[in-house]
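Next up is one chain by itself, shown in structure tokens, the form predicted alone.
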């Protein structure tokens, strides 16, 4: 089995060098790495959940710092931390319930002993004999406190068997917590892998016959969503804004045509001119913030404004791993990054303009090439996630189900 630290270093380097991009790809790699961290981490008998949380946070901080723009990385780290807290709470609740049942059973035994005329010492002896069969107390589970101080001394052999029973119980609880956490992480991996299919199943409810759909850039979620409607015998046309300067829309248009959809490629600047013919705007999101705002490909804000002006529904598709518990104004949120100017201009052709001005210390021509755009929640009509359709005002409540308040700041 490969060393976890070497896996972390390798993934951090890939994030820094942008060798892994996209919300689903980064989320998938992150959750699989964290599963390895949890499975190989040696958990102490006491404070097991805290030890796992510290280990996951230590790795998560490195991953988030490597590429802060990939918000899906931080989202997945927080989801895993939430899983650990939930499983620890579940085990604690189960232990408390077992303790209450044991106390009730002890009371019944004492009543029975008194009822049949046994002396009081007999009840104590019976309780001492049954102590070796008891599950560990809640204090033992949380703090590792020995139970021998609370159990009457019987014999050396009884103490030895009790000690072995305690050790076995501690080991069992340790394995139980890690096992439950890993099971929860496996469910998260399955959820991320199947988010496209879960969202695509809802396409038939939103796309109707002979409609015109506008989208921008390239998104696998949007591709599967549109193709799912096509497979249900819905006939419609798709307008694809090309998504300059990377022209990701060209790739989406090719894939749509290959799937048999009627597709029209338009320039980004033509969105407002064509929006009057459109019945719905459907885009994929890079991230969905806690206030219902959307981070998407550059130019998506222009499409949202055009849709609002012509009363066209603006629908956002996003898997649950893209739901971010932070707000856009949070200082730890990096909403954008600037790409190379070479995507916009040819350095050879514009070399004269890029020369430094006399005495100014900076080039006369500045080139800004942002990657993302922000859409405020008031421009969004509907979110479609793998759990169903939601209004923007409900997103904060949906996000609260996935994350713990203690884990918002990494």
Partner chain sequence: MDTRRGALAVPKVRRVGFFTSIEPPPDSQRPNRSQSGPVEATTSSSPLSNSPSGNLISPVLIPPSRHRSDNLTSRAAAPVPVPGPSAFRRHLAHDRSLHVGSYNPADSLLGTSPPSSIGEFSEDSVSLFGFQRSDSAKLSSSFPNGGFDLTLAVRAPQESESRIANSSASQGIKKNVEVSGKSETVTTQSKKEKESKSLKEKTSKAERRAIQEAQRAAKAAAKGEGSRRAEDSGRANPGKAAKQPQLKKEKLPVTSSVSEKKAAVEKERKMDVPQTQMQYDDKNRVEKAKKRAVVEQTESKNKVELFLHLPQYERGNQLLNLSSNIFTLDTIHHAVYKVGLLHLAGDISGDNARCIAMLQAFQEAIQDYTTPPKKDLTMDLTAKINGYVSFLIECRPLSMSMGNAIRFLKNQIRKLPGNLSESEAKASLCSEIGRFIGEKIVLADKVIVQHAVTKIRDGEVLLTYGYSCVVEMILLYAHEIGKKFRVVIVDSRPNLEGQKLLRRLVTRGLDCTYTHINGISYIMREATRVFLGASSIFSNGTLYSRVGTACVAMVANAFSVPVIVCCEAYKFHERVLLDSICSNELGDPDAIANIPSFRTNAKHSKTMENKKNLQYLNLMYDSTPSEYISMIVTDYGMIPPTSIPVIVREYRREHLLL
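In this text the structure is predicted, and so the values were computed from the model without any measurement. Positions refer to the first chain, counted from 1.
This protein has a second form, the form predicted in complex with its partner chain, left out of what is shown; the following refers to that one.
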| Since exactly one of 292, 284, 319, 299 fits, which has a heavy atom within 4.5 Å of its partner chain in the predicted bound form? | 299
| remark: in the predicted bound form, the residue from 313, 98, 328, 260 with a non-hydrogen atom within 4.5 Å of its partner chain is 260
| query | Looking in the predicted bound form, is its partner chain within 4.5 Å of a heavy atom from each of 250, 268 and 336? | reply | yes
| Wondering, does residue 369 line up within 4.5 Å of its partner chain in the predicted bound form on heavy atoms? | yes
| request: Examine residue 208 and determine whether its closest non-hydrogen atom to its partner chain in the predicted bound form is within 4.5 angstroms. | output: no
| task | Report yes if any heavy atom of residue 239 sits within 4.5 Å of a heavy atom of its partner chain in the predicted bound form; otherwise report no. | result | yes
| request: Flag residue 184 as yes or no: does it have a non-hydrogen atom within 4.5 angstroms of any non-hydrogen atom of its partner chain in the predicted bound form? | output: no
| field | Partner-proximal stretch of 79 to 87, 221 to 229, 328 to 336, 199 to 207 relative to its partner chain in the predicted bound form, 4.5 angstroms, heavy atom | value | 328 to 336
| Do residue 333 and residue 403 move together or apart in the predicted bound form, judged by C-alpha distance changing 3 Å or more? | farther
| Shorter or longer C-alpha distance for residue 339 and residue 331 in the predicted bound form, given it differs from this form by 3 Å or more? | closer
